[in-house]
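In structure tokens, one chain follows: the form predicted alone.
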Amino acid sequence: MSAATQYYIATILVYIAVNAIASWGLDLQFGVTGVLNFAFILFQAAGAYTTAMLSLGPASGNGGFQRYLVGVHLPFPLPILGAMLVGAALSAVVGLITLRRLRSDYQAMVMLVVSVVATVVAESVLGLANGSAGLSLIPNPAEGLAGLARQAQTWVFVGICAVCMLVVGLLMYALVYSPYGRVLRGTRENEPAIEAMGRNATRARMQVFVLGGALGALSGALLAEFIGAWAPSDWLYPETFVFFTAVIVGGRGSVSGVAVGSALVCVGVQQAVQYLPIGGDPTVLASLEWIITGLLTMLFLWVRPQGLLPERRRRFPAAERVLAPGDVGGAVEVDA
């Protein structure tokens, strides 16, 4: 197998892992709990910028052509952990503004505005993250491994992404299919009933909003380290709707379904478009990707809103009733 083929396969695997993590983060918010987070791409970008600033080193010693905040060089995995903390903190700030006082449709609009404003700020303030040019030369932690060829380093990073995806997937299963997950689904389906049972629906939404933001930041950190660059053009607000499409196609609230949806939508559509006989114009290809994504969203919402792998509904069978041994006549019933 040639080096180019190996790199292509490794790239596909990295994108599958990164997009699965991001889609799970959004599904925890939107699919499981019902929070319409139209600013999700903002948290992925926060993770990418943070891991870059925590691994590039001081701006003055990095060629002098980039300007950004902080500028330290921390060893792996500290930049990724720092990115998750920043993503969680930013989610907490946005959540405090939107989740406590606004109903769901207003929350969605405010988050969309926040995403647009954040992009404009990142492009305009050069000292924040190098403006519209973005950050480049972001180090890949696998490239620092001595004694390994470049191809081997790439596969090591694929392994890092796979481990992260596995850990996040296990966390999602533990959360979604637990008593806490039933509280989250109850918040989505019938908030007054959850409140009547003594549960705080606002607190539940806030918790998953922060956790989903941290997962989005993790995906952004891994992606930035792999491609080595990140700019405002990578996180325009429409990118959020790609993840929404992945959740809808896979099946909102379904952990395995969202993983399949992210692979099909975030990776499969992009790769399939490249092989269509429509020429090599990148503008046409990019436009066609958005057209197909939009059509998929409408098609599944109309024909199969539950997605490819629907959310598993738990059924609790009624307890059987039997006569207690030795009882006759007016016997007392006990649960089997």
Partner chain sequence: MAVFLSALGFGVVTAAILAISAVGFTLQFSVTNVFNLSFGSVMTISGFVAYWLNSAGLGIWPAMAVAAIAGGALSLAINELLYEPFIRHGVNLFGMVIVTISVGLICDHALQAIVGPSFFSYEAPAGKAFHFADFVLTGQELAIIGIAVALTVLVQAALQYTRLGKAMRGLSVNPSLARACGVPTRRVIALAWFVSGVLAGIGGVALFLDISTFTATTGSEFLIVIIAAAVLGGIGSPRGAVLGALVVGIVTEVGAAYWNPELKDVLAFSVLIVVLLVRPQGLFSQLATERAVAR
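As the structure is a prediction and not an experimental result, all values here were calculated from the model. Numbering follows the first chain given and starts at 1.
Below: the form predicted together with its partner chain, not depicted.
Remark: of stretches 64-72, 268-276, 51-59, 292-300, the one touching its partner chain in the predicted complex is 292-300 (heavy atom within 4.5 Å).
With respect to its partner chain in the predicted complex, the three residues L36, L102 and V113 uniformly fall within 4.5 angstroms at the level of their nearest heavy atom. In summary, among the residues L85, L166, L148, V117, the only one with a non-hydrogen atom within 4.5 Å of its partner chain in the predicted complex is V117. Note on contacts: among A89, A174, A152, V121, the single residue with a heavy atom within 4.5 Å of its partner chain in the predicted complex is V121. Interface residue remark: Q306 is not counted as part of the site for its partner chain in the predicted complex, having no heavy atom within 4.5 Å.
None of the heavy atoms of F226 is located within 4.5 Å of its partner chain in the predicted complex. Proximity of P238 to its partner chain in the predicted complex falls within the 4.5 Å heavy atom cutoff. Its partner chain is not drawn, but in the predicted complex it has no heavy atom within 4.5 Å of Y180.
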